[in-house]
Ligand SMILES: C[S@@+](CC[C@H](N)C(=O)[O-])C[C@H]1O[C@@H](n2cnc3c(N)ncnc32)[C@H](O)[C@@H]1O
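Before any questions on how it binds or moves, here is one chain, the form predicted on its own, in structure tokens.
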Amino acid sequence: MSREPVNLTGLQQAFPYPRSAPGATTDLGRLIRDEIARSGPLSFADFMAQCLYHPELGYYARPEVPVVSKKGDFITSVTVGPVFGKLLAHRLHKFWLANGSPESFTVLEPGAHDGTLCLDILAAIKALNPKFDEAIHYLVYEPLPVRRQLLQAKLGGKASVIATPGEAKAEVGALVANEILDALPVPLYLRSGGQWHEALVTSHESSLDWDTRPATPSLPENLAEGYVAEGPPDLSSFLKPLAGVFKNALFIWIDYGLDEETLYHPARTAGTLRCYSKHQSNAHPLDNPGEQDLTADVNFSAVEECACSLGFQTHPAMNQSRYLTYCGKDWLLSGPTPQEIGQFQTLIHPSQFGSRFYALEMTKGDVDPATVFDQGDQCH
């Protein structure tokens, strides 16, 4: 805890939403309050991790709740329809061909949610090339037991569901991850009194509230009083086990995010952390633990830096509109149906997913990336 009082106005202005009534909380909220009473305030990253991934009470540990749907809390490119998976299948196929059409090709998808993207990709691969279909070994990595059960039931043996990346090893393959990086728990920082403070979660009068402690994050020092920003998540702990699955691979990350310079622009005083519930984002992040999504824009600069430290070569990120158009060049010439064209237009439209989302590719090992991207090494 901070030794001297810290002005919390910046946090209050960053999240000016009405709070729940004192004492009104969730089962997870009560567990968190008990933990704080025993051990003291939690870092926001630890709080966010529990809110999203507590094995019984976390936001993603509720398979009976359709959180990713038009009737849920938010939509993704996957919910637009199967065209998204079809376009990614074309990208994987091109990489497979460029690297000698190996007899075994592993696809790993972390955080596959309900398995829809997996099934869409597999269906498209089956129609695209029977030999590629025979080569595919599709793995879904899901650490939450309750969600693994759901995936095993839905996938019906079409893919293997694993609890840890350590369960898999592959000579060559690819990772496909849509909206995964934005859900990694992030630390939260406040600029006050000319220095940075890490935001903590404490308990006060039966409600969760803010506290702070002095911190020295790798953030700019010239930002204004009251500036709030997220730090990068623990990328190394997340990426290193995934990298260890493959000797040679293509990794595809699709998410909303910014480069570091833009993320910490002086005008972005409230950061990017937000909550989603029923397609609304006007909720306080400390309310209703486990019952609302918590997310933050991806720091693509930090992802690239971490990837380079793990031996990857990164390739220039591009917006989803450009990326999917590139992936779908052959498909667009093959005569897609009007319904498929409608899905494609939604995926690339600037006001929908096209400009807000970015695709970052990285390659590991001795592979032909099979891209039109600038092949210059992006690691500096």
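Numbers for residues come from their place in the sequence shown, where the first is 1. Model, not experiment: these values are computed from the prediction.
Below, we refer to the form predicted together with the ligand, which is not included among the displayed structures.
When contacts are judged by a 4.5 Å heavy atom cut-off, residue 60 counts as touching the ligand in the predicted bound form. Residue contact with the ligand in the predicted bound form: residue 110 places a heavy atom within 4.5 Å of it. In the predicted bound form, the ligand stays beyond 4.5 Å of every heavy atom belonging to residue 331. Taking non-hydrogen atoms only, residue 142 approaches the ligand to within 4.5 angstroms in the predicted bound form. Scanning 304, 120, 179, 291 against the ligand in the predicted bound form with a 4.5 Å heavy atom cut-off leaves one residue, 179.
The partner is absent here; in the predicted bound form, the one residue of 191, 147, 86, 93 having a heavy atom within 4.5 Å of the ligand is 147. Of the candidate stretches 261-269, 216-224, 76-84, 152-160, only 76-84 has residues with heavy atoms within 4.5 Å of the ligand in the predicted bound form.
Heavy atoms closer than or equal to 4.5 Å to the ligand in the predicted bound form belong, across 327-349, to no residue whatsoever.
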